[in-house]
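Coming up is one lone chain in structure tokens, specifically the form predicted alone.
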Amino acid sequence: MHKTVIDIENAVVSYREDIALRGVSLKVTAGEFVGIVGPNGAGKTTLLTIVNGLGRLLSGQVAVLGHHIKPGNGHSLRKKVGYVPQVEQIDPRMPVNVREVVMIGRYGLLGWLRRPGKHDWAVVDKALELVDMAQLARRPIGHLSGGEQQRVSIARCLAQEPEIFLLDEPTASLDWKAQSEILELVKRIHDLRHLTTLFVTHDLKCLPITCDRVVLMKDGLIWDDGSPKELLTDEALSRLYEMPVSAVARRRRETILV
């Protein structure tokens, strides 16, 4: 039986007057691939934030990998939790190449006063090979396409050698081909590295259909939690998004990715 690696109990998080999470509880076991879906403002990113040891709880508790998160102790935990954000615009004049960006993922393990050694560069090069970016290792990071930059972001996360893989809208603003490639890459990494993965999206077309489980969020609450087959129905999603939702795009993607 798989052990619980993320255990959130009645978490309440507020940003000034806005309540981002309203008593959320969630358990995730080792090796699960969990898709977290919901409209903008549902609390999805905040959920990842507290798993990453960064969110400040008004009440409730969070345990990750057996460690209860308290103010000030999130740093050591983040060495074991990797995070991939949305693609961001990078100034093409930035004087940093791909390999150097991926090495940033090692500094949480090394500490800023230690210089990376041969082993650290070997970990970086292996991560670049895994995301199929080794051939562009010396390319300036700002000279890459959005899809290539996201591959580098995933490699930086992998260089950290995490146990938990958090992805926050990783395919947002990418074209359809790049989205498909990133989705396939994420699933392959999840399987190969035996990770526990939380994949956040508001775009149903970008939800990996290979998720073990889906969590639906709305208004800072977990609205439902279950298998993709049970929850990714037109009826359930139409109620979640308060508008008619067609499954056509999901089925089309399923024929491509399966």
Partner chain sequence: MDLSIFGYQFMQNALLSAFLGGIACATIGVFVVLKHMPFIGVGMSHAAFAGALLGLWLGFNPLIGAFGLSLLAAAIIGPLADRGQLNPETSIGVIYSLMLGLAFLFMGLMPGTKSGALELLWGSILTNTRGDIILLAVVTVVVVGVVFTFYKEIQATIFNRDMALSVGIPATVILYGILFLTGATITATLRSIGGLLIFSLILNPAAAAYQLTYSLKRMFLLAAVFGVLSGWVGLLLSYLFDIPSGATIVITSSAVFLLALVFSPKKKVKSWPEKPVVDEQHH
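None of the values given here were measured: they were computed from a predicted structure. Numbering follows the first chain given and starts at 1.
What comes next is about the form predicted in complex with the partner chain, which is not displayed.
Contact check for Ile6, Phe33 and Val37 against the partner chain in the predicted complex, heavy atom at 4.5 Å: No, because Ile6, Phe33 and Val37 lack any heavy atom that approaches the partner chain to within 4.5 Å in the predicted complex.
In the predicted complex, the residue from Arg93, Lys177, His119, Arg188 that sits within 4.5 Å of the partner chain by heavy atoms: Selected residue: Arg93.
Contact residue in the predicted complex, from Leu204, Ile209, Ala63, Leu54 (heavy atom within 4.5 Å of the partner chain): Filtering the options by heavy-atom distance leaves Leu54.
Contact label in the predicted complex: Gly108 to the partner chain, heavy atom within 4.5 Å: Residue-level check for Gly108: yes, a contact with the partner chain.
Distance check, Ile104 to the partner chain in the predicted complex, heavy atom within 4.5 Å: The answer is yes: Ile104 has a heavy atom within 4.5 Å of the partner chain.
Distance check, Ile141 to the partner chain in the predicted complex, heavy atom within 4.5 Å: Ile141: yes, in contact with the partner chain in the predicted complex.
In the predicted complex, Val81 touching the partner chain (heavy atom, 4.5 Å): Yes, Val81 sits close enough to the partner chain in the predicted complex that at least one of its heavy atoms falls within 4.5 Å.
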